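Structure 1 and structure 2, given next as structure tokens, are two forms of the same protein chain, each shown alone.
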Structure 1
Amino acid sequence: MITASGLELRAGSRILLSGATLRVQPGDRIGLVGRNGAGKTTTLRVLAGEGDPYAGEIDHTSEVGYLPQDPREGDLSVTAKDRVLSARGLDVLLRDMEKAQSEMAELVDETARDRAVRRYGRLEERFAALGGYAAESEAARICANLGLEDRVLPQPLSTLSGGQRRRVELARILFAASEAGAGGRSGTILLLDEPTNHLDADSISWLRGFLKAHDGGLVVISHDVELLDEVVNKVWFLDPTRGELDNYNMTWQRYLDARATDEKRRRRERANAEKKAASLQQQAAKLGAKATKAVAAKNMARRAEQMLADLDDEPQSDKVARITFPAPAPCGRTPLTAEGLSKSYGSLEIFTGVDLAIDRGSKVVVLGLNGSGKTTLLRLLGGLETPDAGRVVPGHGLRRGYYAQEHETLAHDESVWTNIRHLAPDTGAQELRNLLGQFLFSGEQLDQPAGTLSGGEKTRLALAALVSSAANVLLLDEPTNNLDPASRAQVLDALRGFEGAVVLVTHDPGAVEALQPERVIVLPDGTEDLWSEEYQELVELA
């Protein structure tokens, strides 16, 4: 169980949550919702013990499996398989068992060999208690269901894409929480921040089933409405305008109905109170003109003020970033060309011999299964990586704008303001402030480190940098991840109106529809084809 009491969370001086009492217990499957920047990610980090609250106490009596939006594993030399198995300590046990086996075969001294035999026996007994070889099969099954192929598992994390590393981390957490590792009912509480990012349709469907069956407790942040509808049995609504978290002990659809009813009730109560307060103020004004009634007038005025003060803050419509790409900088007919691009990580060949010509104003979608090299291709085109063979040739007037799905283009230790200055050094300070305001960054939030922003806020900051760049070739890697529906709609509208060239990687069919692509590149073969509706069906699967 996780229990929090007197919990207060802040972003600078802004209060996100005040005096909250929260509890997560077995059987709870909680959807944590609220607009972008409301503090959902901060709340989850603090509940996981990865951050400190401004005030209050948090008590953990269960194991916690925490998936942040941007997991950054320190030791990238570890293989994907060992990272997953480490959730139950099996990676170390397997290495120790292999070492003991070697000693049993190689040691000549009988006493030393007997010690190695006994050590191997103890290790194997412990290995069996933790699920043994069946657990290895279970880990491989979870990885496969999350789109991690067998060929990926022996590879070091350093050779994998950001999306693959995130799926490895999710597999590790689910492996730790799965029933075979707990001898039946799982006691692990899962805290998952946007777990469907980078997953294809089949993996998302499997994940929904896993989470629905998980009985150890769950808090999930997600913009996947189908996941919330199918999985959650409670909803926490975080409202930073009131600094409160509303607890709805019900399913997602019932929550939507109850929330709409609550909003209507609050508006009705406010209207009635404002009407009564206005009447009292009118009476006070009339009485105030008479000296003998001055005291009564003041009492009426104070009562009207108190009635208004006792009301909940008036609900405000969620602000949405106004995203409009400016006219692209002038360029030649073909501003970007790639010839014979090949890339491998160690012994893992990603793709080979990819040719691509990006004409002025062209729209291209890159498709391929998870791990086929879509992100790698964009990074090569963006000049962030060097190909093993082939070359990227900038054309006349090329100005690239790269959006990274893992927000690598942001300096996480630097402030919002410093980031935008670095990303748009040629833009005037006041123009940048106006731009950041359009993307909902203002005041002291400009001094906030980018690493402490929510996923949606990082997306907005990265998009603000793209807008300021006047790029004529946009390289977009999952640009709608982490966005609420209103912000996503703004991004799609901006894509529809952009006059420059776009190379897009996405699992979002709506993003492809907005782009109206002319061509498609299918990886890892690098096949180029004219776009057709047949490819639309592959977007979610790719």
Structure 2
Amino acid sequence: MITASGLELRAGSRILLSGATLRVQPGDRIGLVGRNGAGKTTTLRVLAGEGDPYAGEIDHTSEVGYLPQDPREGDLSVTAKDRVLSARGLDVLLRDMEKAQSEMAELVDETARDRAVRRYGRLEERFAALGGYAAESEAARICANLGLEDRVLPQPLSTLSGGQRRRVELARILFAASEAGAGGRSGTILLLDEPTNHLDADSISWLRGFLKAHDGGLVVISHDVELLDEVVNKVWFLDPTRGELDNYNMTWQRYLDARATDEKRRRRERANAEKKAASLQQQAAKLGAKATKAVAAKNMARRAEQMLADLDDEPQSDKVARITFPAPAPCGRTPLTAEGLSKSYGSLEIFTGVDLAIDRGSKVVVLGLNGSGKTTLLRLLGGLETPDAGRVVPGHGLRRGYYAQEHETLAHDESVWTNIRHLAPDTGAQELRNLLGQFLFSGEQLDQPAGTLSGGEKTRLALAALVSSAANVLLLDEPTNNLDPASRAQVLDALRGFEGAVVLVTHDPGAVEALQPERVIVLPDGTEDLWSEEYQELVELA
């Protein structure tokens, strides 16, 4: 069980949550929701014991498996397999067993060999007690289900993409939690922050099944509403404008109805209070004209003021970024061409001989399974990486805008303001301020280091830079990940209206619908085809 009491969370000087009591128990499957920047990640990190709250107590009585929203740094020299097995200490055991085994074979001295044999026996006993070879194959099964192929498992983490690393972390946590080997139920509480971000559709549906069956306790943050719908039996709604977390003890669909009713009530109360305050003010103005009633008038005015001050800010759920991409800078007929692109990492060949031509205003979707090189292709096209063979040829007037899935275009130590100045050097200060305002950045937040922004806020900032760039070829890598539903709708609208060319990588069928692509490139073969409905189905699978 996890219990938090008197919990207060802050972002800078802003209060996100105050005086909350939270409890996660076995059997709970809680969906933690709220707008981008509401404080979901902050809350989960604190529950996991990885961050300190501004005030309050956290008490753990179970094991916790925590998947952060950003890929973890840490020792990147260990292999993917060892990282997963380390969840139950099996990596070290296996290594020691191997060592004992080779000693048994090599040692000539009899007593030393006997010692090695005995050691091997002890190690194997412990190994068996922890689930042994069955556990090892269970780990492999979980990895496979999360789209980590066998060939990835012996690779050191440093050679894996951010997405692959995150899948390794998820596999590790689920492996620890599925400790069926010990007999009986898993006592691990899972705290998962956007677990579907780097998963393909098969893996997502497997994950849903896993989570649905997990009875050790779960808190999940996800922009995948189908997952929430299928998995959760409670919903926590975080609203920093009130500094409160509302607990809805019900399934997702019921929560949606209940919340809508609550919001309606709140809006009505607000309107009533405003009406009352207005009439008080009117009265006060009338009375104030008479000298004898001046004191009463002043009191009345003060009460009206107090009433308005007591109202919450406009609910955050009502505010959305208003986004439109500006007209693209003029360019030639084919602003970007690629010829015979090949790329390998070490001995691992990603793709070879990919040709393509991006015409002015054309819309292209890149499809391919996890690991087929979609991000790599976009980085090559964006000029952020060089191909092993072939070349990327800029056409007349080319202006590229690259949106990176891992937000690597942002300088994490620099402020929001410095970042946008760098990313859009040709735009005037006032214009940039307006632009940031449109994307809901203002005041204190302009000075915040970009690295401390929430996932959705980083997405918003990177998109703001794109909007200011007058790019005529946008290279977009999963632009809707991490966005709350209202912000996602805005981005899709902007995409719909954009006149320049777009090369899009996405798992989000809605994003493809908004783009209305003419063509598709399928990796790793690099086959190019006209877009058709059949591909729409592939989007989710890819």
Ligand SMILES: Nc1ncnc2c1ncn2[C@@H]1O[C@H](COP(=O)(O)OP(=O)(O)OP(=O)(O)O)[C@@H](O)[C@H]1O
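Residue positions are counted from 1 along structure 1's sequence. Only the largest set of C-alpha atoms that superpose within 1.5 Å between the two forms is called the rigid core. Since the model is a prediction, treat every value here as computed from it, not as a measurement.
Asks: Which structure would you label as the form predicted on its own, 1 or 2?
Replies: Comparing the pair, one sees that structure 1 is the form predicted on its own and the remaining one is not.
Asks: Superpose the two forms on their rigid core, then report whether the C-alpha of G395 is displaced by 2 angstroms or more between the two structures.
Replies: Indeed, G395 is displaced by 2 Å or more.
Asks: Aligned on the rigid core, do the two forms place the Cα of L211 2 Å or more apart, comparing between the two structures?
Replies: No, shifts by less than 2 Å.
Asks: Quick one: once the rigid core is lined up, does L336 have its C-alpha move by 2 Å or more between the two structures?
Replies: Yes, the C-alpha moves 2 Å or more.
Asks: Cα shift of S415 between the two structures after core superposition, in Å?
Replies: It moves 2.4 Å at the C-alpha.
Asks: Give the C-alpha shift of N299 between the two structures, in Å, after superposing the two forms on their rigid core.
Replies: After core superposition, the C-alpha of N299 moves 8.1 Å between the two structures.
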